[in-house]
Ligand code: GRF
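First comes one chain, alone, set out as structure tokens in the form predicted alone.
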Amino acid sequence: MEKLIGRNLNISIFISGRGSNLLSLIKHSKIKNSKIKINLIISNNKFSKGLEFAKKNKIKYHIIDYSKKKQAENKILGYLRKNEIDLICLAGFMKILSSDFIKKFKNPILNIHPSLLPKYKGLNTHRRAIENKDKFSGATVHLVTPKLDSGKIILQKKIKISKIDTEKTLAKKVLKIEHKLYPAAIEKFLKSLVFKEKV
């Protein structure tokens, strides 16, 4: 990871939907001393609202047809190599990356998940938290591994679940903290890489 030291990270953001976490990362990338540089956006959905943020901010993007997963992933790997991507950040990307893709990319992949992992891996996290009468929920940024939502935790933030929360209101509360958590987690992750190189 020596090449990461002394320059901004070349980051690719993978999205499928509204792109609100993408927008928070774009905003953070413009802050003074931010190490985040978004070079490329990948989406499996041509109707993703997040693509509007790419256009507005003049960030290169590609829309990938996922009907044939292996071909799609090979195409993505080509784009990542061409753009010298150091880090992938999954931000509401509704496709599971294959173990073959993760192995071939070699560099780190981060994901933000709407629960306090290891609780509630997978989907319907807010509903499950409410049904189980949990007192807290939150979000987690973690490293992506072939095992779903099981990689090393980089950063977590929790919020209290109120008695009147519904799946919808809880989702909104968690999303709000995600927007601050993801940029902070990336910066923390970068610092850990730099520290390891200095030792």
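All of these numbers come straight from a predicted model, not from anything done at the bench. Quick note: we count residues from 1 along the sequence shown, nothing fancier.
From this point on, the text means the form predicted together with the ligand, which you will not see here.
Taking a 4.5 Å heavy atom cutoff to the ligand in the predicted bound form, the contact residue among A91, A129, I76, I88 is A91. Residue in contact with the ligand in the predicted bound form (any heavy atom within 4.5 Å), chosen from L190, L175, I11, L181: L175. The chain is drawn here without the ligand; in the predicted bound form, the stretch among 98-106, 80-88, 67-75, 111-119 whose residues come within 4.5 Å of it by any heavy atom is 111-119.
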